[in-house]
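Both blocks below hold the same protein chain, though in two forms, and each is given as structure tokens: structure 1 and structure 2.
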Structure 1
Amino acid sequence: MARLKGRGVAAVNYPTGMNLGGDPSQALIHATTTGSFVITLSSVDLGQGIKTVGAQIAAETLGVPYESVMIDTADTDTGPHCMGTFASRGTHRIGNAIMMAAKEAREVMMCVAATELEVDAGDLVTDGKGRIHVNGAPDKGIAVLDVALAAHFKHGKTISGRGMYLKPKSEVVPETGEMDPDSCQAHACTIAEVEVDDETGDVTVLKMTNAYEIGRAMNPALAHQQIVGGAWMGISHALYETTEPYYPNRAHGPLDFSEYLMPGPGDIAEMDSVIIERPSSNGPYGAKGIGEMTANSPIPAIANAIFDACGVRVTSMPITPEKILRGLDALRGNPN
């Protein structure tokens, strides 16, 4: 018996968004009488962090503290239209819509502040801490709260904005096949280190080293968490998950989640990940999508590492001990 170690590498590029007749998302924003801002979306937060990142984008655009922004995901009956949470489009599409809505709301906010201060709106800046003041004269200013109150009760104005991001559908050029199906592309590379037991066929993923180019990381902590979560999914797809282990034969498939194999907390590998920032020209503050591709590059990297360790090339998922042992038998001239 031997425990064979191997290393494998895989790289991917991943599109942000889809080419579905425009792939639009909308956002609405309004200020309350307490000086906070509510952003209404129909976009679903699946745990990827769109509520956090959306609030960050709005706060940066409005020039107000992050804590003063609330995200209301509403529902598809009452909220503004969104194509959906898929295609790694959330930060790019929804973030752009939020930024557009926030710019419109900021314009109203600054106009009301200018009226209150009796200055030109173009001379005003926000400090990001809840105040608006004359550029170069921080003492001549007004709190965002007071601007919101004045807008509501004195000027009869709604500090609000609407945003809709739309990438026009790209039709195929018949002569060349040319088209533009996405908005931008993110990139990733994973190096997997594994250990293969040549007696049992068991595979242990020892370490993953990842590099992700995602435009600009709106929230680096969330991005790193997505990399770890995606790597877990990649390990799960590569080595565990299946509903049809002998497809097209339906035998021995799991009947419920108690029989559906997935890695546990102890099976996650050591992680070393870096984020490379090369801002997108059309993303909100340069952002691209990261979500789905974090589960992609780990899978072929693990498969390549297994091949490097024991010489067995498995071309179907999951890479089970049975497949590895059959491959080892074939290499030894003992097929069965």
Structure 2
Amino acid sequence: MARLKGRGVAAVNYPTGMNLGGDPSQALIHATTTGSFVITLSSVDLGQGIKTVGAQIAAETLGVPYESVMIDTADTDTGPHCMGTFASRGTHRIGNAIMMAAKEAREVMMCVAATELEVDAGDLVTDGKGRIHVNGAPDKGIAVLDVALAAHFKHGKTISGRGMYLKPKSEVVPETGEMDPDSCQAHACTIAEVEVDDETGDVTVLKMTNAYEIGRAMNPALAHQQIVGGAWMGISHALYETTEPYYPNRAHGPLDFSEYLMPGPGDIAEMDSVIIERPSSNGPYGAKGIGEMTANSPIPAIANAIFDACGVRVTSMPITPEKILRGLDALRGNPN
């Protein structure tokens, strides 16, 4: 018996958005008289962080502190339409809508600030810390809060903006499959290192090295968490999970987490991940979607590493110890 080490590689692309039915989302933004900006959406945060990234995009465009942006979601009575959170579309679609709304609101904000300061709006800049001032003259300025108050109580203006992003429906040509189904492609390459126990068929994923290109990373920590979480999901998908362990017999399907096998915290591989950035031409600040793709290169990288380790090519997922042992038996000329 031996523990056999191997290394495998896989590289993938993944589409951002899927507009075979038309793919719109809207955002509304307004300044309150407390110095905050509220973004109203009907978009859903599954834990991936649209509330965080949406506020970052708005803060960047408005030129105000991140902490002063609130995201109010999701209620169909108050939030404008959103298709939903799927197809790696959130950051791209909703982010674009937020950016457009924030641009419109910024224009009003700068206009009111210019009136208050008695200068030309084109000479003003935001400092990102809650003040607007004449470019090159930080002392000649006004707080964003005071601009919001002046707009409401003195000038009768709403500092607000409407945002919309629509990728129109793409019809598929039935004969050839010609279509324009997505907005851009993100990319990833994973190198997996595994150890295969040739007596038990057990696979340990030792290390995963990942390189991702996701346009501009809006929030590198959140992107990194997607990479690590997705790699875990990839280990689980490649080696453990099935709802039908005895297919085509459909009996004995797992009913809870004690029966549905997944790797535990101790099974998470060492990770070394790097992000490179090629901004997309159509995403907010060049963003592409990373949400869905992060299990995709880990799975085949693991399968390829298993082959490298022990010479067994398993072409059906999950790659269970049983399949590996049967493969090893076949290599040794033993009947299964």
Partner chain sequence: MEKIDTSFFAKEREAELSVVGESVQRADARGHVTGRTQFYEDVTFPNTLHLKMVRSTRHHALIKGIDTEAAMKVPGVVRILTHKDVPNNWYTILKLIGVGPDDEPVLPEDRVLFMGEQICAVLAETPQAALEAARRVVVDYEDLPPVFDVEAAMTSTPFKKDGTNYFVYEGHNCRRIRFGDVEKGFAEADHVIEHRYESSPIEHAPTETTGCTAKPEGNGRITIYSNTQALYFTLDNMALILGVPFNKLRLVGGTVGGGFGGKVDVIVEPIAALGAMLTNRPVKYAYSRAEEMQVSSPRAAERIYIKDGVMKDGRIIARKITLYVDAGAYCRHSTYGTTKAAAHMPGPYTIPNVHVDAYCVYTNRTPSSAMRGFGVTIGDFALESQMDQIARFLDMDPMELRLLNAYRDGDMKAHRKKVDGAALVEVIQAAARQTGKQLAPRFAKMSSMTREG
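Computed from a predicted structure; not experimentally measured. We call the rigid core the largest set of C-alpha positions that still match within 1.5 Å between the two forms. Residue indices: 1-based, along structure 1.
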Query raised in the report: Given the two isolated forms of this chain, which one is the form predicted in complex with its partner chain?
Result: 2
Requested in this report: Examine T76 after superposing the rigid core and state whether its CA is displaced by 2 Å or more between the two structures.
Outcome: yes
Query raised in the report: Is G253 one of the residues whose C-alpha moves 2 Å or more between the two structures after the core fit?
Result: yes
Query raised in the report: Relative to the superposed rigid core, does the CA atom of L20 travel 2 Å or more between the two structures?
Result: yes
**Report entry** Core-fitted comparison between the two structures - CA shift at V173, Å
**Finding:** 5.1
